[in-house]
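Heads up, the chain below is alone and in the form predicted alone; it's given as C-alpha coordinates.
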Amino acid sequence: MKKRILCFLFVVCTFIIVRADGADSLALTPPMGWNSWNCFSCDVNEQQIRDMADLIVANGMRDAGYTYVNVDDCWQVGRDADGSIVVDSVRFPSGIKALADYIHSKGLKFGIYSCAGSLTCAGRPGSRGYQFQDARTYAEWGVDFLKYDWCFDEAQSPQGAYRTMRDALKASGRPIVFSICEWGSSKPWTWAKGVGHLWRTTGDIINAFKGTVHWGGCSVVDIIDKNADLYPYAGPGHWNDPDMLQVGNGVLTPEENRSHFTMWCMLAAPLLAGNDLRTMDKETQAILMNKDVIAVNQDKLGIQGRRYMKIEQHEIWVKQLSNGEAAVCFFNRDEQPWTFEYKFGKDKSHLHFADIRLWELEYDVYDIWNKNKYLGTSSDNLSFKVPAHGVVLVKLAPKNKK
(Lines give C-alpha, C1' and ligand atoms only; values in the text may rest on other atoms or scores of the structure.)
Protein backbone atom coordinates (compact mmCIF):
# COMPACT_ATOMS: atom_id res chain seq x y z
CA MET A 1 0.00 0.00 0.00
CA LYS A 2 2.81 2.41 0.90
CA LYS A 3 4.47 1.77 -2.47
CA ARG A 4 1.18 2.44 -4.26
CA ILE A 5 0.75 5.74 -2.39
CA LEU A 6 4.31 6.79 -3.22
CA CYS A 7 3.78 5.85 -6.86
CA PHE A 8 0.54 7.83 -6.97
CA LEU A 9 2.23 10.89 -5.44
CA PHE A 10 5.04 10.62 -7.98
CA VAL A 11 2.58 10.58 -10.85
CA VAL A 12 0.69 13.58 -9.43
CA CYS A 13 3.89 15.54 -8.88
CA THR A 14 5.09 14.71 -12.37
CA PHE A 15 1.78 15.92 -13.82
CA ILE A 16 2.03 19.18 -11.87
CA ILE A 17 5.57 19.75 -13.13
CA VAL A 18 4.55 19.14 -16.72
CA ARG A 19 1.64 21.53 -16.35
CA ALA A 20 3.91 24.16 -14.81
CA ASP A 21 6.84 23.87 -17.23
CA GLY A 22 5.50 22.33 -20.40
CA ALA A 23 3.44 23.45 -23.36
CA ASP A 24 0.16 23.27 -21.47
CA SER A 25 1.13 26.32 -19.44
CA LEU A 26 1.89 28.46 -22.49
CA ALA A 27 -0.21 31.32 -23.86
CA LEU A 28 -2.57 31.52 -20.90
CA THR A 29 -3.37 35.02 -22.16
CA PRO A 30 -3.25 35.99 -25.85
CA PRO A 31 0.41 36.24 -26.97
CA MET A 32 1.71 39.76 -27.56
CA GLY A 33 4.68 40.76 -29.66
CA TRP A 34 5.85 41.87 -33.09
CA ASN A 35 6.10 40.06 -36.44
CA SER A 36 8.17 41.02 -39.48
CA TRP A 37 5.78 40.20 -42.34
CA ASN A 38 3.34 43.12 -42.54
CA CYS A 39 6.06 45.74 -42.86
CA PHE A 40 9.07 43.88 -44.32
CA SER A 41 7.50 40.91 -46.14
CA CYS A 42 10.34 38.85 -47.65
CA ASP A 43 12.81 41.73 -47.46
CA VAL A 44 13.85 40.87 -43.92
CA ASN A 45 17.29 40.74 -42.33
CA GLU A 46 19.08 40.34 -39.03
CA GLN A 47 19.75 44.02 -38.41
CA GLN A 48 16.08 44.90 -38.82
CA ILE A 49 15.12 42.32 -36.21
CA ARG A 50 17.77 43.53 -33.79
CA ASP A 51 16.57 47.09 -34.30
CA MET A 52 12.99 46.05 -33.56
CA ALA A 53 14.05 44.29 -30.37
CA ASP A 54 15.99 47.36 -29.24
CA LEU A 55 13.00 49.61 -29.90
CA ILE A 56 10.49 47.33 -28.19
CA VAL A 57 12.55 47.79 -25.04
CA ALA A 58 13.33 51.49 -25.50
CA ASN A 59 9.82 52.67 -26.39
CA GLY A 60 8.10 50.76 -23.58
CA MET A 61 6.36 48.09 -25.65
CA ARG A 62 8.04 45.30 -23.70
CA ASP A 63 6.76 46.74 -20.45
CA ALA A 64 3.29 46.99 -22.02
CA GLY A 65 3.34 43.23 -22.67
CA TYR A 66 4.85 42.83 -26.15
CA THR A 67 7.34 40.05 -25.52
CA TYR A 68 7.68 38.03 -28.74
CA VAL A 69 9.89 39.16 -31.64
CA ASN A 70 9.00 36.92 -34.57
CA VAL A 71 10.80 36.48 -37.90
CA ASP A 72 8.32 35.44 -40.58
CA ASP A 73 9.08 33.82 -43.97
CA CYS A 74 12.32 34.16 -46.00
CA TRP A 75 15.01 33.50 -43.37
CA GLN A 76 15.79 30.03 -44.85
CA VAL A 77 17.36 29.11 -48.19
CA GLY A 78 17.87 25.33 -48.29
CA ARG A 79 18.97 22.17 -46.50
CA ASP A 80 22.44 20.72 -46.07
CA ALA A 81 23.55 17.15 -46.76
CA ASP A 82 22.15 16.03 -43.40
CA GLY A 83 18.78 17.64 -44.05
CA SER A 84 19.28 20.48 -41.57
CA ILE A 85 17.64 23.75 -42.48
CA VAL A 86 20.09 26.35 -43.84
CA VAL A 87 19.82 30.01 -42.84
CA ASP A 88 20.32 32.80 -45.39
CA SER A 89 23.87 33.80 -44.42
CA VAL A 90 23.68 37.07 -46.36
CA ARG A 91 20.62 38.37 -44.59
CA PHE A 92 21.36 36.68 -41.24
CA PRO A 93 25.16 36.61 -41.06
CA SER A 94 25.30 35.81 -37.35
CA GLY A 95 22.86 32.92 -37.65
CA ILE A 96 19.51 32.41 -35.96
CA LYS A 97 20.87 31.20 -32.62
CA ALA A 98 22.92 34.37 -32.16
CA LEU A 99 19.87 36.44 -33.07
CA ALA A 100 17.71 34.53 -30.58
CA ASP A 101 20.37 34.99 -27.90
CA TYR A 102 20.40 38.73 -28.56
CA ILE A 103 16.63 38.97 -28.28
CA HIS A 104 16.65 36.92 -25.08
CA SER A 105 19.29 39.27 -23.65
CA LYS A 106 16.72 42.07 -23.99
CA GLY A 107 14.21 40.21 -21.84
CA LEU A 108 12.20 39.23 -24.93
CA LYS A 109 11.26 35.94 -26.62
CA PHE A 110 12.09 34.81 -30.14
CA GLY A 111 9.75 33.43 -32.78
CA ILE A 112 10.32 31.87 -36.18
CA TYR A 113 8.32 30.72 -39.19
CA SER A 114 7.95 27.50 -41.16
CA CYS A 115 5.33 25.72 -43.22
CA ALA A 116 3.62 22.32 -43.15
CA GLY A 117 4.20 21.93 -46.89
CA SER A 118 7.33 21.12 -48.86
CA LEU A 119 7.81 24.84 -49.49
CA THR A 120 6.84 27.97 -47.59
CA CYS A 121 4.47 30.52 -49.06
CA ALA A 122 7.49 32.44 -50.40
CA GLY A 123 8.97 29.31 -51.95
CA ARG A 124 11.59 28.60 -49.29
CA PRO A 125 12.07 25.08 -47.87
CA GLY A 126 9.16 23.97 -45.68
CA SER A 127 9.18 21.37 -42.92
CA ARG A 128 7.29 18.48 -44.53
CA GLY A 129 9.32 15.33 -43.88
CA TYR A 130 11.67 17.22 -41.53
CA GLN A 131 9.32 18.11 -38.67
CA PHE A 132 11.25 16.42 -35.84
CA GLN A 133 14.62 17.52 -37.20
CA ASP A 134 13.46 21.13 -37.55
CA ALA A 135 11.87 21.13 -34.10
CA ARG A 136 15.15 19.95 -32.55
CA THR A 137 16.97 22.70 -34.43
CA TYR A 138 14.52 25.33 -33.22
CA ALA A 139 14.96 24.14 -29.65
CA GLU A 140 18.76 24.31 -29.99
CA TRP A 141 18.47 27.85 -31.33
CA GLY A 142 16.26 28.93 -28.42
CA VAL A 143 13.03 29.47 -30.36
CA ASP A 144 9.99 30.33 -28.21
CA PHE A 145 7.25 30.66 -30.86
CA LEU A 146 6.60 28.87 -34.16
CA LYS A 147 4.22 30.18 -36.82
CA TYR A 148 3.43 27.19 -39.05
CA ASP A 149 1.88 28.03 -42.44
CA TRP A 150 -0.11 25.95 -44.96
CA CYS A 151 1.27 26.58 -48.48
CA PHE A 152 2.30 23.74 -50.82
CA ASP A 153 0.45 21.34 -48.52
CA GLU A 154 0.15 18.71 -51.30
CA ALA A 155 -3.24 17.39 -50.16
CA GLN A 156 -2.15 16.65 -46.60
CA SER A 157 -4.68 16.46 -43.81
CA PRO A 158 -4.28 19.65 -41.75
CA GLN A 159 -5.19 17.77 -38.58
CA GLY A 160 -2.45 15.21 -39.23
CA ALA A 161 0.15 17.72 -40.38
CA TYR A 162 -0.27 20.03 -37.41
CA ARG A 163 -0.40 17.18 -34.91
CA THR A 164 2.89 15.89 -36.31
CA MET A 165 4.58 19.23 -35.70
CA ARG A 166 2.91 19.49 -32.30
CA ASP A 167 4.47 16.14 -31.39
CA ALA A 168 7.83 17.23 -32.79
CA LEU A 169 7.84 20.40 -30.70
CA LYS A 170 6.97 18.45 -27.57
CA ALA A 171 9.74 15.94 -28.31
CA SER A 172 12.25 18.79 -28.66
CA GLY A 173 12.03 19.38 -24.92
CA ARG A 174 11.61 23.16 -25.22
CA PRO A 175 8.31 24.96 -24.51
CA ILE A 176 7.38 26.60 -27.82
CA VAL A 177 4.12 28.42 -28.52
CA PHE A 178 2.62 26.79 -31.61
CA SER A 179 0.74 29.08 -33.99
CA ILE A 180 -1.38 27.22 -36.57
CA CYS A 181 -1.76 29.19 -39.80
CA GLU A 182 -3.99 27.28 -42.22
CA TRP A 183 -6.36 30.27 -42.67
CA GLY A 184 -9.44 28.64 -41.15
CA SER A 185 -10.06 26.38 -44.13
CA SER A 186 -10.65 23.24 -42.05
CA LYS A 187 -12.27 25.07 -39.12
CA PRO A 188 -9.32 24.52 -36.77
CA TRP A 189 -11.28 25.96 -33.86
CA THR A 190 -13.19 22.64 -33.88
CA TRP A 191 -10.09 20.41 -33.62
CA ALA A 192 -6.94 22.40 -32.79
CA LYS A 193 -7.34 22.83 -29.02
CA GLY A 194 -4.51 20.74 -27.59
CA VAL A 195 -2.68 20.86 -30.92
CA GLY A 196 -1.79 24.54 -31.17
CA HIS A 197 -2.01 27.48 -28.82
CA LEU A 198 -3.59 29.70 -31.47
CA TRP A 199 -5.06 29.13 -34.90
CA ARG A 200 -5.74 31.47 -37.78
CA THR A 201 -9.43 31.82 -38.51
CA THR A 202 -9.30 33.64 -41.87
CA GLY A 203 -7.14 34.45 -44.85
CA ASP A 204 -4.33 36.97 -44.41
CA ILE A 205 -5.24 40.43 -43.19
CA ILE A 206 -4.89 43.20 -45.77
CA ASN A 207 -4.17 46.82 -44.97
CA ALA A 208 -7.75 48.04 -45.40
CA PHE A 209 -10.72 48.73 -43.16
CA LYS A 210 -13.29 47.18 -45.52
CA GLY A 211 -13.16 44.87 -48.55
CA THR A 212 -11.44 41.69 -49.73
CA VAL A 213 -8.98 40.78 -52.47
CA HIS A 214 -9.08 37.94 -54.97
CA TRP A 215 -6.52 35.74 -53.19
CA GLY A 216 -8.60 35.60 -50.04
CA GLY A 217 -7.06 38.44 -48.08
CA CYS A 218 -9.49 40.05 -45.67
CA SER A 219 -9.94 43.56 -44.34
CA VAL A 220 -10.36 44.47 -40.69
CA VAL A 221 -14.18 44.50 -40.84
CA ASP A 222 -14.37 41.22 -42.79
CA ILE A 223 -12.16 39.49 -40.25
CA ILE A 224 -14.27 40.79 -37.38
CA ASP A 225 -17.38 39.31 -39.01
CA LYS A 226 -15.69 35.94 -39.54
CA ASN A 227 -14.69 35.78 -35.87
CA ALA A 228 -17.94 37.01 -34.34
CA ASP A 229 -19.43 33.56 -33.69
CA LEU A 230 -16.22 31.77 -32.69
CA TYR A 231 -16.24 32.85 -29.03
CA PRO A 232 -17.05 29.34 -27.66
CA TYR A 233 -13.67 28.06 -28.88
CA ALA A 234 -11.30 30.59 -27.29
CA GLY A 235 -9.75 30.50 -23.85
CA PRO A 236 -6.47 30.30 -21.93
CA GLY A 237 -3.95 28.35 -24.00
CA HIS A 238 -6.17 28.14 -27.11
CA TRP A 239 -7.01 31.30 -29.04
CA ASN A 240 -8.77 32.26 -32.23
CA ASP A 241 -6.23 34.22 -34.26
CA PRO A 242 -7.61 36.89 -36.64
CA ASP A 243 -4.05 37.60 -37.88
CA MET A 244 -1.47 40.23 -37.11
CA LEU A 245 -2.12 43.93 -36.60
CA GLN A 246 -2.00 46.49 -39.42
CA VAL A 247 -2.01 49.38 -36.94
CA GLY A 248 0.51 52.02 -38.00
CA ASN A 249 1.14 50.76 -41.53
CA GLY A 250 0.04 53.99 -43.18
CA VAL A 251 -3.34 53.16 -44.75
CA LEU A 252 -5.89 53.02 -41.93
CA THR A 253 -7.00 56.35 -40.49
CA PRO A 254 -6.36 57.08 -36.80
CA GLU A 255 -9.97 56.12 -35.97
CA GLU A 256 -9.69 52.92 -38.00
CA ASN A 257 -6.42 52.03 -36.27
CA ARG A 258 -8.09 52.53 -32.91
CA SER A 259 -11.11 50.43 -33.95
CA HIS A 260 -8.85 47.68 -35.32
CA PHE A 261 -6.87 47.48 -32.09
CA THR A 262 -9.95 47.72 -29.88
CA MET A 263 -11.77 44.92 -31.67
CA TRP A 264 -8.72 42.63 -31.53
CA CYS A 265 -8.70 43.25 -27.78
CA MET A 266 -12.41 42.49 -27.54
CA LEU A 267 -11.86 39.27 -29.54
CA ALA A 268 -9.17 38.11 -27.08
CA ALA A 269 -6.89 37.91 -30.11
CA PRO A 270 -3.11 37.62 -30.12
CA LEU A 271 -1.65 41.12 -30.42
CA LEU A 272 1.26 40.91 -32.85
CA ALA A 273 2.22 44.36 -34.09
CA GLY A 274 3.29 44.49 -37.73
CA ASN A 275 4.52 48.04 -38.24
CA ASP A 276 8.03 49.43 -38.66
CA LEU A 277 8.86 50.55 -35.15
CA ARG A 278 11.70 52.74 -36.43
CA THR A 279 9.19 55.15 -37.96
CA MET A 280 6.26 54.72 -35.54
CA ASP A 281 4.55 58.02 -34.76
CA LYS A 282 3.26 59.00 -31.32
CA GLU A 283 -0.36 58.39 -32.30
CA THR A 284 0.34 54.78 -33.29
CA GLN A 285 2.43 54.28 -30.18
CA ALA A 286 -0.41 55.59 -28.00
CA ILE A 287 -2.79 53.07 -29.57
CA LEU A 288 -0.52 50.04 -29.33
CA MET A 289 0.54 50.85 -25.77
CA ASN A 290 -2.71 51.85 -24.12
CA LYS A 291 -2.47 49.78 -20.95
CA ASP A 292 -6.18 49.99 -20.15
CA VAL A 293 -7.23 48.66 -23.55
CA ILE A 294 -4.53 45.97 -23.43
CA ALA A 295 -5.92 44.91 -20.04
CA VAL A 296 -9.20 44.03 -21.77
CA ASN A 297 -7.29 41.71 -24.11
CA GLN A 298 -5.13 40.21 -21.38
CA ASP A 299 -7.87 39.60 -18.82
CA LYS A 300 -7.16 36.33 -17.03
CA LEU A 301 -10.59 34.85 -17.71
CA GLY A 302 -9.67 34.64 -21.39
CA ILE A 303 -13.24 35.08 -22.59
CA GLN A 304 -13.68 36.24 -26.19
CA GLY A 305 -16.09 39.13 -26.65
CA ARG A 306 -19.46 38.67 -28.34
CA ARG A 307 -21.50 40.80 -30.68
CA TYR A 308 -24.51 41.60 -28.51
CA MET A 309 -26.41 43.80 -30.97
CA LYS A 310 -26.16 44.82 -34.62
CA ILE A 311 -28.43 47.42 -36.21
CA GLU A 312 -27.28 48.12 -39.77
CA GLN A 313 -23.81 49.67 -39.39
CA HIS A 314 -23.96 50.10 -35.59
CA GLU A 315 -22.88 47.34 -33.22
CA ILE A 316 -22.49 46.67 -29.49
CA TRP A 317 -19.92 44.10 -28.37
CA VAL A 318 -19.44 42.77 -24.84
CA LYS A 319 -16.50 41.00 -23.21
CA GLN A 320 -16.79 39.53 -19.73
CA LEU A 321 -13.84 40.42 -17.48
CA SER A 322 -12.57 39.38 -14.08
CA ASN A 323 -14.02 40.69 -10.82
CA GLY A 324 -17.54 40.84 -12.20
CA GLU A 325 -16.59 43.53 -14.72
CA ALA A 326 -17.32 43.79 -18.43
CA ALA A 327 -16.00 45.73 -21.41
CA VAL A 328 -18.62 47.12 -23.78
CA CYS A 329 -17.61 48.38 -27.22
CA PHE A 330 -19.83 50.58 -29.38
CA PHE A 331 -18.53 50.01 -32.92
CA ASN A 332 -19.57 52.30 -35.77
CA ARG A 333 -18.93 50.79 -39.21
CA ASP A 334 -20.78 53.64 -40.92
CA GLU A 335 -19.33 56.55 -42.90
CA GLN A 336 -21.15 58.98 -40.61
CA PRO A 337 -20.77 59.62 -36.84
CA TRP A 338 -23.15 57.81 -34.50
CA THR A 339 -24.58 59.85 -31.60
CA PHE A 340 -27.03 58.31 -29.15
CA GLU A 341 -28.05 57.92 -25.51
CA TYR A 342 -27.81 54.60 -23.74
CA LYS A 343 -28.98 53.31 -20.36
CA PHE A 344 -27.39 49.95 -19.60
CA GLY A 345 -30.06 48.72 -17.19
CA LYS A 346 -33.13 50.07 -18.99
CA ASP A 347 -34.75 46.75 -19.95
CA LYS A 348 -34.65 44.58 -16.86
CA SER A 349 -36.86 41.88 -18.33
CA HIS A 350 -34.22 40.34 -20.55
CA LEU A 351 -31.19 42.61 -20.98
CA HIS A 352 -27.92 40.87 -20.17
CA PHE A 353 -24.41 41.01 -21.61
CA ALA A 354 -22.80 37.56 -21.79
CA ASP A 355 -22.98 36.42 -18.15
CA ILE A 356 -23.26 39.95 -16.75
CA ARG A 357 -26.88 40.55 -15.72
CA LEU A 358 -27.09 44.28 -15.39
CA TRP A 359 -30.19 44.51 -13.22
CA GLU A 360 -28.61 42.51 -10.37
CA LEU A 361 -26.04 45.19 -9.56
CA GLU A 362 -25.46 48.82 -10.29
CA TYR A 363 -22.30 49.47 -12.28
CA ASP A 364 -19.92 52.38 -12.56
CA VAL A 365 -19.10 53.17 -16.20
CA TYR A 366 -15.61 54.22 -17.31
CA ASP A 367 -14.24 55.41 -20.66
CA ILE A 368 -11.34 53.00 -21.23
CA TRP A 369 -9.61 54.91 -24.05
CA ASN A 370 -9.74 58.10 -21.98
CA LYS A 371 -7.71 56.82 -19.01
CA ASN A 372 -10.77 55.18 -17.44
CA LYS A 373 -12.58 58.50 -17.08
CA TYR A 374 -15.70 58.11 -14.94
CA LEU A 375 -18.88 58.56 -17.00
CA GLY A 376 -21.64 57.73 -14.53
CA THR A 377 -23.57 54.63 -13.55
CA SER A 378 -25.55 51.99 -15.39
CA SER A 379 -28.72 53.70 -14.16
CA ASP A 380 -27.89 56.96 -15.93
CA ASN A 381 -28.79 57.96 -19.46
CA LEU A 382 -25.31 58.20 -20.93
CA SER A 383 -24.56 60.01 -24.17
CA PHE A 384 -22.09 58.51 -26.65
CA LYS A 385 -20.57 59.99 -29.78
CA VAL A 386 -18.89 57.36 -31.93
CA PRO A 387 -16.89 58.67 -34.91
CA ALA A 388 -17.26 57.20 -38.38
CA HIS A 389 -15.34 53.89 -38.47
CA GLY A 390 -14.70 54.47 -34.79
CA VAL A 391 -15.36 52.99 -31.38
CA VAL A 392 -16.24 53.95 -27.84
CA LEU A 393 -14.98 51.41 -25.31
CA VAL A 394 -16.30 51.46 -21.75
CA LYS A 395 -15.82 49.31 -18.68
CA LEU A 396 -18.63 48.35 -16.35
CA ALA A 397 -17.45 47.75 -12.78
CA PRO A 398 -19.68 46.85 -9.84
CA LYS A 399 -20.33 50.17 -8.13
CA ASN A 400 -17.43 51.65 -6.16
CA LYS A 401 -15.00 49.37 -8.00
CA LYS A 402 -12.73 50.72 -10.72
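Given the structure is predicted, the values throughout are model-derived calculations rather than measurements. Residue numbers here begin at 1 and follow the sequence given.
The discussion below concerns the form predicted in complex with a small molecule, not included here.
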Heavy atom within 4.5 Å of the small molecule in the model of the complex - residue from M244, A327, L146, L198: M244
Residue (of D299, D276, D73, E315) lying close to the small molecule in the model of the complex, criterion heavy atoms within 4.5 Å: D73
Complete contact of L230, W239 and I303 with the small molecule in the model of the complex (any heavy atom, 4.5 Å): no
4.5 Å heavy atom contact, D153 and the small molecule in the model of the complex: no
Partner contact for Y68 in the model of the complex: the small molecule, 4.5 angstroms, heavy atom: no
Residue contact check: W37 to the small molecule in the model of the complex, 4.5 Å heavy atom: yes
Touches the small molecule in the model of the complex: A286 (any heavy atom, 4.5 Å): no
Stretch in contact, per heavy atom within 4.5 angstroms of the small molecule in the model of the complex, of 120-128, 88-96, 261-269, 277-285: 120-128
